[in-house]
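Take a look at this single chain, the form predicted alone, given in structure tokens.
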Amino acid sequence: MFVAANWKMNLDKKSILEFTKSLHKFKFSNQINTCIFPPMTYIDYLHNLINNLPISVGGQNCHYKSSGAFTGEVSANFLKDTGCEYVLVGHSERRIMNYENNDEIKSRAQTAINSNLKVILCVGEKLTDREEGKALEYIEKQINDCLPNNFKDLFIAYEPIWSIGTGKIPSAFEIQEMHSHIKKIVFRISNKYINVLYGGSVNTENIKEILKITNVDGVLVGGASLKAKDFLAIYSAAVKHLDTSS
């Protein structure tokens, strides 16, 4: 089970310090893998604050080149060097606002893997694709185009674009269907089984129901991860889910 927190462009140094104070008071389970993706400028700061806790730190993105004249970009090697274990690649906000296409995302994922980072590859459809019955087809193309070669540690996060930050989520059947679809696609391409996370308006109220859905191997949490109390409540729900299902 995996619980990931994407802070996006939120939480300053003071806020992160307060957040981590709550983490140090909390008893974590060895059954849950956890990673926080802070703003790039605070990766090293967060890593130093929680390096004795069973929580990994990740980068929200990386460039497809290991170095060079790319002003404002961050190398996968640099992420690894500052303590990152994971990196998000292909988040819909990057795809839409930064015009990252599938070829570029595949290159970023491959570069991250070559730098020994574990990749969380994000996929998700627009509302029009869902309403027109094209969601499965859309996600299949994304995976076919973006899946890197020879990966060892890779997760896919299914985040329907229309669900991110809106409070709306697909039905349990739609999530189960999509996660099953994703696993079959990846196995067909690579002959490997992968874990699929659900992301998109995950919060303290719906986490229990989401975790009950077949083929949901964890969650990628956005807004609900910005408050330590909510993040730890989601984490606790994951622990309880494992305890009751075992």
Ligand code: PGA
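All residue numbers refer to positions in the sequence shown, first residue = 1. Not measured: the values here are computed from a predicted model.
We do not show the form predicted in complex with the named molecule, though everything after this point is about it.
Residue contact with the named molecule in the model of the complex: Ile143 places no heavy atom within 4.5 Å of it. The named molecule is not drawn, but in the model of the complex it has a heavy atom within 4.5 Å of Glu93.
The named molecule in the model of the complex comes within 4.5 Å of a heavy atom belonging to Glu159. With a 4.5 Å cutoff on heavy atoms, Pro38 does not count as touching the named molecule in the model of the complex; it lies far away. Checked against the named molecule in the model of the complex, the candidates Leu211, Val196, Val57, Val202 yield a single residue with a heavy atom inside 4.5 Å, and that residue is Val202. When you look in the model of the complex, the only residue of Ile182, Ile207, Val221, Leu46 with a non-hydrogen atom within 4.5 Å of the named molecule is Val221. The candidate stretches are 124 to 132, 145 to 153, 106 to 114, 85 to 93, and the one lying within 4.5 Å of the named molecule in the model of the complex by heavy atoms is 85 to 93. Looking at 162 to 189, the residues that come within 4.5 Å of the named molecule in the model of the complex, counting any heavy atom, are Ser163, Ile164, Gly165.
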